[in-house]
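Take a look at this single chain in structure tokens; it is the form predicted on its own.
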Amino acid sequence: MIDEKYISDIVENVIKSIKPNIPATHQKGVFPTMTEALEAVSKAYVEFKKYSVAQREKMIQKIREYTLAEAAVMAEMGVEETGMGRVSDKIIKHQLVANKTPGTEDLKPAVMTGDAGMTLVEMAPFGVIGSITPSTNPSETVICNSMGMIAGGNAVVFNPHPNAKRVANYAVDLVNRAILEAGGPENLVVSVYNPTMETSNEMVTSPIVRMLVATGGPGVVKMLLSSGKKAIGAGAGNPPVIVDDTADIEKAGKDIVAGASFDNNLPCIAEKECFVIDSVADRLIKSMTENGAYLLRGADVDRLKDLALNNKDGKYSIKKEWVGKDARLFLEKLGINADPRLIICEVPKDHPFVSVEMMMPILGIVRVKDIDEAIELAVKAEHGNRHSAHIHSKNVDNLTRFAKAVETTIFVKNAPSYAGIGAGGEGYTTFTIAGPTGEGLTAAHSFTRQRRCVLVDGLHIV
């Protein structure tokens, strides 16, 4: 489990005194133009092909060390630049990336032998990969992608989200510093000082770039998929969580608050709406309020809706200025003096707090009569994104039915949502979860292509 006491009592006191040393220019791997970045990374890849897998792993280990050492710096920078999320939670995200992103061990060759000889299948690099990164997890995505792509033998060119370019480019510089210390080539990972739509288009269309990876909204994923190149797209999600009447209700309340409030609900895997069996709803809400949630009631719910959402002819969308803000700030606008991690409110099944991916520490709770209604409404709320879904239940049939019905890439049972990316759960982490293109939780193997080597009538010794 995440040690919130350690984070709150120690780390936040430390980071207040941190003044990041951010060079405005001359960051390693960061260039004035995309043309220069592409030329540099192309040369780096030619040099990198001479390096062994063991040397790749040495570089990745050094990136882990640098990330752990500078996690607090990047966390503070990310919140300061984007105005989104919580510093303490972003520290945890960087630590997660450093500790649980797979390296070269993820590359698993296969061998087939028989009367006709031996065939070897190995995972080979694509070459130079172009990556578009989001504002929600900017430095985390740069570092996580860099580690996986380098493990696969690739070089990387990033086009960060313009609203997070400062911290993203700090991460690019960090990765390059680590690579150089480990004896690697310069400019193996590159970016541009001022990413724009034009620099993105140049990256996508460049013949130097052989593969594309996007972590962001549906628009950028669609652009990559129409490029004619191999593309991995990590799209949107609106993950529901179900609580049935067999669950450990007190634990469910605590877990949902922890997951839905983590980094102010920015992670695409986080619980965005809750469906609870009516007979246990009061107990669940009580548990949530005892574990850091504030229950909003009556007219204040409508006021919160108007504050957080745009309404154009009955079609709701998030107000971007409120994405990832602290729950306290919403309540201040409503004239309420409280500092919870999460705002909860009971809403009808067709409420925008259910249908809209909020990306704010606001969780709509819907009472349902039974598991059938819960599953039906949860599948509808997920919108067919097949990204993530969660459930608290001790009924194996209910767990199985919901999993089959929702068909999500990540399905977490009886834990906070972040267990799905290895935080308090088994398995590795990633910040590029490719539902639309099917790769799922990406790692080094996702950024490789299979090559087959056949030897006829040889090395079959049995």
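Start at 1 and count along the sequence shown; that's the residue number. These numbers come from a predicted model, not from an experiment.
Below, we turn to the form predicted together with a small molecule, even though it does not appear here.
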- Task: Would you mind picking out the stretch of 353 to 361, 283 to 291, 309 to 317, 340 to 348 that comes within 4.5 angstroms of the small molecule in the predicted bound form, counting non-hydrogen atoms?
- Result: 353 to 361
- Query: Would the small molecule be touched by all three of G130, S146 and A182 in the predicted bound form, meaning a heavy atom each within 4.5 Å?
  - Reply: no
- Message: Counting any non-hydrogen atom inside 4.5 Å, which residue from A178, V257, C268, I391 sits next to the small molecule in the predicted bound form?
- Response: C268
- Task: Could you tell me which one of L295, M197, A124, V111 places a heavy atom within 4.5 Å of the small molecule in the predicted bound form?
- Result: M197
- Item | in the predicted bound form, L38 touching the small molecule (heavy atom, 4.5 Å) | no
- Message: Please tell me whether any heavy atom belonging to R328 falls inside 4.5 Å of a heavy atom of the small molecule, as the geometry stands in the predicted bound form.
- Response: no
- Message: Since only the chain is shown here, I'm wondering whether V87 would be in contact with the small molecule in the predicted bound form (any heavy atom pair within 4.5 Å).
- Response: no
- Query: Any chance N264 has a heavy atom within 4.5 Å of the small molecule in the predicted bound form?
  - Reply: no
